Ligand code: T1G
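What follows is one chain in structure tokens, specifically the form predicted on its own.
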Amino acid sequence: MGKSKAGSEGTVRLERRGAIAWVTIANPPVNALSQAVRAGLAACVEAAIADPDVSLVAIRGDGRNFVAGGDISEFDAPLQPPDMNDVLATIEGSEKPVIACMHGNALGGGLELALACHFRIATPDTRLGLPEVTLGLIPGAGGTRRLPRVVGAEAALRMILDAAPIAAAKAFDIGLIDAVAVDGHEPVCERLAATIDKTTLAERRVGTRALTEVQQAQVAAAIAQARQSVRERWPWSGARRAAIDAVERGLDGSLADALVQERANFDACRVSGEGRALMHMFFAERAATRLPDGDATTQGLSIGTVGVVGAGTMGRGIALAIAGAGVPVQVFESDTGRRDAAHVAIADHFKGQTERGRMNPDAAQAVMSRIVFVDTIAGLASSDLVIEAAFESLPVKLEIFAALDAVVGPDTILATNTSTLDVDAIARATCRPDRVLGLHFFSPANVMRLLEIIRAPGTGAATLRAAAEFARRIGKTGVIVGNAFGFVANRMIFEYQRQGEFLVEEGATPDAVDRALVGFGMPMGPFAMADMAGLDVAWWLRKEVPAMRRADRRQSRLADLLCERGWFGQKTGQGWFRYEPGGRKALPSPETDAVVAAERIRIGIKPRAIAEQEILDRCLFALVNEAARILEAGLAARPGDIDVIYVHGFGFPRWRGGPLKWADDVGVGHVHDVLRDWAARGEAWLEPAPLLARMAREGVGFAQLERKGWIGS
């Protein structure tokens, strides 16, 4: 048998070598199980089974993966034939052994494909899992039926609910795979081809296999434990509850009935609010670093070594993030005291990581060895990228960039970690504005995934492309945004926090505001977040940056009054809340309550009871309103970019899809009307943005803006 193709674009290949038929899925980059792949897989497997000279069928993936899942772009509509369950029935019912030869990622539908095979082997680098619940879905091709029969209900439910892939060694330990193919797939397949008989084959059909007595005894406890875990860890997750129901139904009865129930649960999740929100985020994250049409790169830039200017909290965090990703980093700090403190802090960080079992000592030493301190700024001359993480002062940054421009190579990219300052003004301190941009890391930089990539007017497309690839390389979620005060993330959060302070002036407590937002799904409220970041940071901005205040609009003095007393939050033990020495738990503060009460008297406000819904409306709708202004100004290319920023930068609940997906679900018209009513009561900050008013008037949601061309118009 020579090579043959199946599928509309040759997405599956069939080749016989000796008695083994090799079925290769070739649908890069992840070999997703698209309609063409399903059709090609069915055709090739059927041809191999029918070939009298074939004694074993081996299914593998081309490129870096086995199969990393289904084709998510097809999930918005009923799936087209062939149904994956029909393809898997052909594989499982084959009278010739079928072996899954896995490498790279074997996830979702890829693992379900492997479970329908009679044998499963994997190279040591393989990651196996059923992560569908991260998309608000459940396994839809027999995973909830077959996996419990292979590894037991408890281990299966843990894999499905946690959604975290496991390594090949762990998969072997729990019986998910039959061998770790250290020397590759071929030797194992040749050995199996010579030893398998039909009796063995019948026992390997997982879908129709009965549970062992041990597995039966564990079922009730495993189901109860899983339901309790979802109540405690993921109370919002309808997908996880549906997955448990499908597993429970699949433990008894026929395979056909189990598959019908699983598919019904899958389809219900697919059209649920949770499912649509999580799939929205999946696609939004992948679009966030996409450059506009016509912004082609004409020159490639590669980043091999990185320099960091500044060894304070942010500089250290940036260095740790970069070194942790395997990239060498050089750090320059002009202040001897800060440099010495940085050495100690970095050593303490790795000591803590090893003591808590998060890193072994050798790995910690390897990462630490990639961080090298240099004595002069000229020591960064060989860097491909230099990130400035100095004090938030424009004169300071201008001086640093002028000095860097004089010592680094002509293609070196210079980036500022500023959170508010004008990147274009910083670029003008150099002779390379096309190689200057902002890389706004979020604190702590070695933990937070979000990275705002700020495009100044002169930033070149090649520079942006290199920065986006660098973000991916160091494990960050990069989002390209425009250059304006506060960029996107901070510009929006200022309005969110402003409304929180107004609500406290009017009668709410900081704790009541925070509880309302945490109940909505935020990891913490605006006041606990401000205390954690340090109230002095925003205080400095309010004093130095005119854009933070407008004389024609209401301002709150509450945060300033706290700062004037030296109450900066957690680091001083007192802010909006009180903190015990060394503690981080926010406790009620009678001292802050007294400051608030005095300020209410001064400005003539009689406190009133404020309902939770008003707290949510004013804080969250303020976010949405400012986002509309940002889109209108062209500072974000897509509404989804803003959703990505808020999910990854501030913990907006992913299962709600980010603030703009959530606003579409609530109804843009409703958001507009509530804001308009508050503005009519004198709250000028809540005046609906012109774009929001236009959207409400014409019945357009944020999801439609890009198609209509209203962004930046």
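Bear in mind the structure is a predicted one, so any value in this text is a computation, not a measurement. Residue indices: 1-based, along the sequence shown.
Just so it is clear, the following notes concern the form predicted in complex with the ligand, a form of the same protein that is not shown.
Proximity to the ligand in the predicted bound form, defined as a heavy atom within 4.5 Å, holds among Gln613, Ser369, Thr376, Ser73 only for Ser73. Exactly one listed residue, out of Gly438, Gly478, Gly140, Pro526, brings a non-hydrogen atom to within 4.5 Å of the ligand in the predicted bound form: Gly140. Residues with any non-hydrogen atom within 4.5 angstroms of the ligand in the predicted bound form fall in just one of 559-567, 391-399, 426-434, 73-81: 73-81.
Contact check for Arg290: a non-hydrogen atom falls within 4.5 Å of the ligand in the predicted bound form. Taking non-hydrogen atoms only, Trp539 never approaches the ligand to within 4.5 angstroms in the predicted bound form. Not displayed here, the ligand is kept clear of Phe520 by more than 4.5 Å at the level of heavy atoms in the predicted bound form. When contacts are judged by a 4.5 Å heavy atom cut-off, Val188 does not count as touching the ligand in the predicted bound form. Taking the ligand as it sits in the predicted bound form, the stretch 21-55 comes within 4.5 angstroms of it through a non-hydrogen atom at Pro29, Val30, Ala32.
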